[in-house]
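Form predicted alone, single chain, as structure tokens, below.
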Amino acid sequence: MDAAALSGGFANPAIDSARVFREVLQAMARPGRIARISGVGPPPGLSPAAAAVLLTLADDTTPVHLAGPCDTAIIRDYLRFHTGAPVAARGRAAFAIGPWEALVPIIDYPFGSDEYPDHAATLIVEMPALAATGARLTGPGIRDEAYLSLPEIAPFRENRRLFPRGLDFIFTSGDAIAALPRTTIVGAR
């Protein structure tokens, strides 16, 4: 195991993970809202926001799929050391992380079932930037409308049609985070 994988976790795991968990909940409750999270120093190829989300939500019972440039030995070691989470194939993942191009097609991930919609995956999409522009968002948690710079629109519209099944999305860029739960209606601006 690379020694660099052993560092970069939360300084105070209980307090820091509670703070990040609260931000993730707020992001899911307020789709399109961009917040900042920090407190970790991940290895190259993983943004601080994405690492903080993984260190907060992943554990030894949550298989994680590492896609594209996020699938490196040092990121595997970092994930294993700090969370114990097993690395998994797309079809068995509770979480998947990578840039959009490496995560698609989204049909490869667990969408849950009508009886157990909570068995669906959450995709952590590493973005070059996050901005409150682009796709128009409406639905639960949004007063009138919100906007978020999504990589494309069609997959998110199709995902919404599957409700109550479907994927949830967390977008990260540097220390920025935003979310798009499956309940959100996505339209063009």
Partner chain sequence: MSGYNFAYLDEQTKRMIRRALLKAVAIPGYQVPFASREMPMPYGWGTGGVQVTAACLVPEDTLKVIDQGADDTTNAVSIRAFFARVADIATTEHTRDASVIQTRHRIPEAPLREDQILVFQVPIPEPLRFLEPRETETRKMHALEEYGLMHVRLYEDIARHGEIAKSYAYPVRVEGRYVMDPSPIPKFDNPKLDDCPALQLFGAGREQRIYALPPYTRVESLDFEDYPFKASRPDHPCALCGARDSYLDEVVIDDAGGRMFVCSDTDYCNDRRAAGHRGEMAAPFEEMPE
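Note that this is a predicted model, so its numbers are computed, not measured. Positions refer to the first chain, counted from 1.
The following text describes the form predicted together with the partner chain, which does not appear among the structures shown.
J.: So in the predicted bound form, does Leu130 come within 4.5 Å of the partner chain, heavy atom to heavy atom?
T.: Contact check for Leu130: no, nothing within 4.5 Å of the partner chain in the predicted bound form.
J.: Residue-level question: is Thr56 within 4.5 Å of the partner chain in the predicted bound form, judged on heavy atoms?
T.: Within the cut-off, so yes.
J.: Looking at the partner-bound form in the predicted bound form, is Ala11 within 4.5 Å of the partner chain by any heavy atom?
T.: Result no; Ala11 lies far from the partner chain in the predicted bound form.
J.: With a 4.5 Å heavy atom cut-off, would you call Ser7 a contact of the partner chain in the predicted bound form?
T.: Ser7 lies outside the contact set for the partner chain.
J.: When the partner chain is placed as it is in the predicted bound form, which of 64 to 72, 150 to 158, 37 to 45, 136 to 144 ends up with heavy atoms within 4.5 Å of it?
T.: Stretch 136 to 144 is the one.
J.: Can you tell me which bits of 9 to 32 touch the partner chain in the predicted bound form, meaning any heavy atom within 4.5 Å?
T.: Counting only heavy atoms within 4.5 Å of the partner chain in the predicted bound form, the contacting residues of 9 to 32 are Pro13, Ala14, Ile15, Ser17, Ala18, Arg19, Phe21, Arg22, Val24, Leu25, Gln26, Met28, Ala29, Arg30.
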